[in-house]
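Just the one chain here, the form predicted on its own, laid out as structure tokens.
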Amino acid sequence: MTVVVIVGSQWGDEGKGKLTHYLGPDFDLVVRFQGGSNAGHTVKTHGETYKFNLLPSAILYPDRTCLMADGMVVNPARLLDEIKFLKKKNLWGDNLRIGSHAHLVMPYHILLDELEEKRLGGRAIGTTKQGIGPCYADKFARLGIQIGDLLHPSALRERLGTVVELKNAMLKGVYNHDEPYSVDGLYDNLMRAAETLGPLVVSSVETVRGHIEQGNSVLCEGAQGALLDVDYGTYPFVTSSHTVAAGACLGTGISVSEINKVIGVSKAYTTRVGNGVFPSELTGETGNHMRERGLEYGTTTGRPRRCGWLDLVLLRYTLKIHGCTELALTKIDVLDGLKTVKVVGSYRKNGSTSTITEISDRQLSQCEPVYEEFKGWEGPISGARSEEELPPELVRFVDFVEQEVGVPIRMLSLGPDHDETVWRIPKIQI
């Protein structure tokens, strides 16, 4: 039995989808454990590109079970669109299962997300406006609708009546919104969704525990990144779920002692979407180079991502919080052709230099990055399939990062395609 967790080690968008798809065939069960359609996981294989917001990134392997577990929040309309897309492409293998305790993102969640961001104006968080925060808020306020409720129509109808009355009052009283939601309309839409989604609903705990007790291998895929964790990220500019490796236990029923490996994923540079302090942000030519070469535009929103140099202070922090046993370094090819490549080795604050800092938006705003510089390398490198084929300048850069963060860098991603990958030491053994 092997349980492996893949997690983002920056502000998300690190390339977790590619790694999950790459490793997927080696696992019996692939589980997405948190987040919702605010995530965007991209898989490129055999010249085709697939973008998923909700489906686990191993869904293209029909002989591998994929589970959307209880820690997720699910927009049924978006999920139906993704299933419809796979069916149209003749790629639907009926290998998806959905945890009965996963919560449903309702239309009023999306509207509340949009209205709150508008109300905040210049103080807005910069959410994806997918209703994720309001849905998680309802979950903890015990006002949520679970996907398992689709299997109990009468109870669902009664619960909707209670919740929608409250939401309509909030929309009117707080946001002066005069178009109330219809309980009947919402109920009818959910019943139509239940025709497709109902047969996929399972117990997450029984599914996951069943595989573990049979000695099968389980791969857990996280969304977003550690710096967006609701507790350990750069608060308040964070997401609404636990993006750290421990979230794999909270969202699935796996115990901490059963996790064998935690793979952190980091770009060879740093990106961020939305508001908040970004110490190494580049606003000039080099930042534009990263954005255009790396296609740094949000999978979900299309917003341009802010780009900057790799920040080792933040990376050390996230790898420790995750408990990472290894690191995958992605999008190295984006740095091809730069004369100089930099990393943030430490921060200068109040006249002193430190390699650690308190991770909050307020504390980071007081930090000035101190850079280490490296000679760049010529590209393209995407055709390399072994470390020996890589430019020596690149290898020196990777070796330095590995030494500084104290975690072995196992995988190098040299391009978006499945095969544009180099394993520095033998591929993970299941």
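Not measured: the values here are computed from a predicted model. From 1 onward, residues are counted along the sequence shown.
FYI, the form predicted in complex with ligand IMP isn't displayed, but the following is about it.
Q: Are all three of Thr127, Leu228 and Arg303 close to ligand IMP in the predicted bound form, meaning a heavy atom of each within 4.5 Å?
A: Checking in the predicted bound form: Thr127, Leu228 and Arg303 are all within 4.5 Å of ligand IMP.
Q: Just one of Ala328, Leu312, Ile145, Ile132 has a heavy atom within 4.5 angstroms of ligand IMP in the predicted bound form, so which one?
A: Checked against the cut-off, the match is Ile132.
Q: May I ask you to choose, among Thr239, Thr270, Thr318, Thr252, the residue with a heavy atom within 4.5 Å of ligand IMP in the predicted bound form?
A: Exactly one listed residue reaches within 4.5 Å, namely Thr239.
Q: Pick the stretch from 377-385, 31-39, 56-64, 360-368 whose residues have a heavy atom within 4.5 Å of ligand IMP in the predicted bound form.
A: Stretch 31-39 is the one.
Q: Gly345: heavy atom within 4.5 Å of ligand IMP in the predicted bound form?
A: Result no; Gly345 lies far from ligand IMP in the predicted bound form.
Q: Can you tell me whether Gln224 touches ligand IMP? I mean in the predicted bound form, with a 4.5 angstroms heavy atom cut-off.
A: Answer yes; at least one heavy atom of Gln224 falls within 4.5 Å of ligand IMP in the predicted bound form.
Q: Can you tell me whether Gly17 touches ligand IMP? I mean in the predicted bound form, with a 4.5 angstroms heavy atom cut-off.
A: No - in the predicted bound form, heavy atoms of Gly17 and ligand IMP never come within 4.5 Å of each other.
Q: How about Gly274 - does it come within 4.5 Å of ligand IMP in the predicted bound form, if we only consider non-hydrogen atoms?
A: Gly274 belongs to the contact set for ligand IMP.
Q: What residues of 321-342, in sequence order, lie within 4.5 Å of ligand IMP in the predicted bound form by heavy atom?
A: The stretch does not touch the partner at all.
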